[in-house]
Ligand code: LLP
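As structure tokens, one chain now follows by itself in the form predicted alone.
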């Protein structure tokens, strides 16, 4: 449990908001976010790089809610986007387009054109054909696009294989041994100002050693490129810092990481870009659910709740662990149970063989550290409306995305 979520008189609170009240008034399933936790994590990065030319770009893929994006934009944050839809979102939230970085391996012509029109900070390009398309589109519109090539430093992030991105076998980026030749070819393209170098080795890293190894390899690349006359002015080291999902998980040494990359950037005299997402949004959010039924089958105990893999797919997709807390503490002891949802899939579970407080039908629970890769990965499978989202600021809370209705499910369809 982090500082934003705590018990008061036996009831779980987010900041000063009673989550039982939120669950009963807003309904469940429901995502709840702490504005204080969100902004506190962002300021940790901002203050750690203070005085250095830098840009802390929130990775929008982690959480794209407009209210959260607006909080960050008003504080001066940048944004890392991977689609035209995310560009639309951050601009609607009030982001400064000059603080937006466009990453992603499959940018379309229309997405690139929209980003050029908006005047974003830069493009992280991931293939030679993409560089040519970007140059052609920039020339046609009378612009010169700032760009970096995303390089795979071939550092093993030692994380789940689905969220590891920095090895040669991954679809992302350019192999380190091919990068210099590609930089030399791309530097001649008329529509591109090839001023950056970029990498991102993976997500949910609790040990900063792989990140620092990647940063050192990228710094060496910058020096080699400059020796060839390619004027690298900014270094984008991506994101990747993880969060403790289990009580026993260590918190990454963010201060040590920022101090190390700050020294590197100062030595290179580059603008430093970092793209945290999970670290900022993950601990700021929780998914509230209500127990529908208790069931015993095959010697196992099941808690069937009204949240499912359609609200939070991480346990089914990654076998991810999330702590579970009752909204109201009781003296009924503890049980070991599978916490499962109503979706017609055997993989529809939030936890398996979990020791948890002895909850009964009608009780509420909170799935913790769910602010990143939660709602953004929600679906309408089994024709389930997506949940509402709530933002807490002190003792006040408000719905910042209403719960979908059945009518929302068929919008745009014709029978």
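Positions refer to the first chain, counted from 1. Please read all numbers here as calculations on a predicted model, not as lab measurements.
The protein also exists as the form predicted together with this ligand; that form is not presented, and the subsequent description refers to it.
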Problem set entry | Heavy atom distance at most 4.5 Å to this ligand in the predicted complex, all of 59, 150 and 200 | yes
Problem set entry | Proximity of residue 311 to this ligand in the predicted complex, heavy atoms at 4.5 Å | no
Problem set entry | Non-hydrogen atom contact residue 275 with this ligand in the predicted complex at 4.5 angstroms | yes
Exercise. Wondering, does residue 204 line up within 4.5 Å of this ligand in the predicted complex on heavy atoms?
Worked result: yes
Exercise. Would residue 373 count as touching this ligand in the predicted complex under a 4.5 Å heavy atom rule?
Worked result: yes
Exercise. Of the listed stretches (247-255, 311-319, 133-141, 115-123), which one has a non-hydrogen atom within 4.5 Å of this ligand in the predicted complex?
Worked result: 311-319
Exercise. 78, 191, 341, 239: which sits within 4.5 Å of this ligand in the predicted complex by any heavy atom?
Worked result: 239
Problem set entry | Contact residue in the predicted complex, chosen from 377, 368, 39, 52 - any heavy atom within 4.5 Å of this ligand | 377
